[in-house]
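One chain comes next, on its own, written out as structure tokens in the form predicted on its own.
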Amino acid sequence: MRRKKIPTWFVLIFPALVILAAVVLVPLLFSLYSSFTPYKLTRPDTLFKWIGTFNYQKAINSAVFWAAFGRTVLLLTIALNLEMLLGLGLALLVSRVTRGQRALRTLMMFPMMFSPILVGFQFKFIFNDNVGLVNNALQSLGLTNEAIPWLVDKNLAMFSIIFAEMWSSTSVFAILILAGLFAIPQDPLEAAKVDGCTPWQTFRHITLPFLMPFIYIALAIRSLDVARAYDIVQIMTNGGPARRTELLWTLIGRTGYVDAKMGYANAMGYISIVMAIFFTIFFFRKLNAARSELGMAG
């Protein structure tokens, strides 16, 4: 009997498959299994007790979970819309620059180079009650006599987080939209100019429809980032005050690592993943519709 020769392609990809299985597949299967158990970090024996969908039912019936979900949707809605508008405006301005445009594009990418943890520490200092740059600037200008508790007030804390998110990620929209502006064919723009269209009409009926696929790509990318926001919120407010800024993944982290209820935390995590998939599907459907209007769908 001749030995079967192992295909070369299999030999080449086998190490990658082993690494992917060890780093991705095994932890996913373990977390999925533990979500059907009362697993507690302080009690390893609970990992072997099967309780079915109890954790999922508990999460779905939890007011705390849905409050965190509502705050996540609020952050996602406000941050994405503001980032999109600012990114669009920034891209339009940069596209009109004739000299130094490469330097401006590089500067636009600067906030993206910071990790979310560093951004969180940076804005925690900027919005600090006593030594923060914002309060010092407002008091120096005579706009206020008292220190504003940006990270302690229940309303201002969420505003501070949204501001930090916008600073770090508006450039994602700006760069993608700028790429869309460079890809727009000049013939429709020149025809609109000959027909006497105003700049607003040209933008509304020609430029914006061409940009929509790029905008939806940016929305899909950023919606996944915001839906699993953790680092910035954890550093800036730790979910406070009184959990008023606690989002889905900060709640999951608190449940799993502070309360040690890892099985329950994993169940909430999988519910959150399912909801994030729905957001992604929504934006990709919008993307395909925008592509179809331009005749780009294959």
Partner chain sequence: MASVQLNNVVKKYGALEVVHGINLDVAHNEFVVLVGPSGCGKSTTLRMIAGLEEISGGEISIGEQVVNDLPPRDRNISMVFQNYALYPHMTVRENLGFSLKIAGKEQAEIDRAVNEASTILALEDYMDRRPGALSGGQRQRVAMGRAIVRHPDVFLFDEPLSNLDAKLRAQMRVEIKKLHQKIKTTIIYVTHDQVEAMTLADRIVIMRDGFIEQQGTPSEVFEHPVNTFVATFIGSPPMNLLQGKVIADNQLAFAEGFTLPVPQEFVGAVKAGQDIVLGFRADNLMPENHALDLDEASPPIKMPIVVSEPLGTETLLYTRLAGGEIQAKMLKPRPVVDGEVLTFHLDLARCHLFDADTQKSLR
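In this text the structure is predicted, and so the values were computed from the model without any measurement. Positions refer to the first chain, counted from 1.
Just so it is clear, the following notes concern the form predicted in complex with the partner chain, a form of the same protein that is not shown.
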Of the residues 228, 154, 105, 205, which one places a heavy atom within 4.5 Å of the partner chain in the predicted bound form?
-> 205
Counting non-hydrogen atoms within 4.5 angstroms of the partner chain in the predicted bound form, say which of 211, 217, 192, 75 makes the cut.
-> 192
Wondering, does residue 196 line up within 4.5 Å of the partner chain in the predicted bound form on heavy atoms?
-> yes
Heavy atoms within 4.5 Å of the partner chain in the predicted bound form: does residue 292 have any?
-> yes
Non-hydrogen atom contact residue 188 with the partner chain in the predicted bound form at 4.5 angstroms = yes
Would residue 101 count as touching the partner chain in the predicted bound form under a 4.5 Å heavy atom rule?
-> no
Can you pick the stretch from 162-170, 114-122, 77-85, 180-188 whose heavy atoms fall within 4.5 Å of the partner chain in the predicted bound form?
-> 180-188
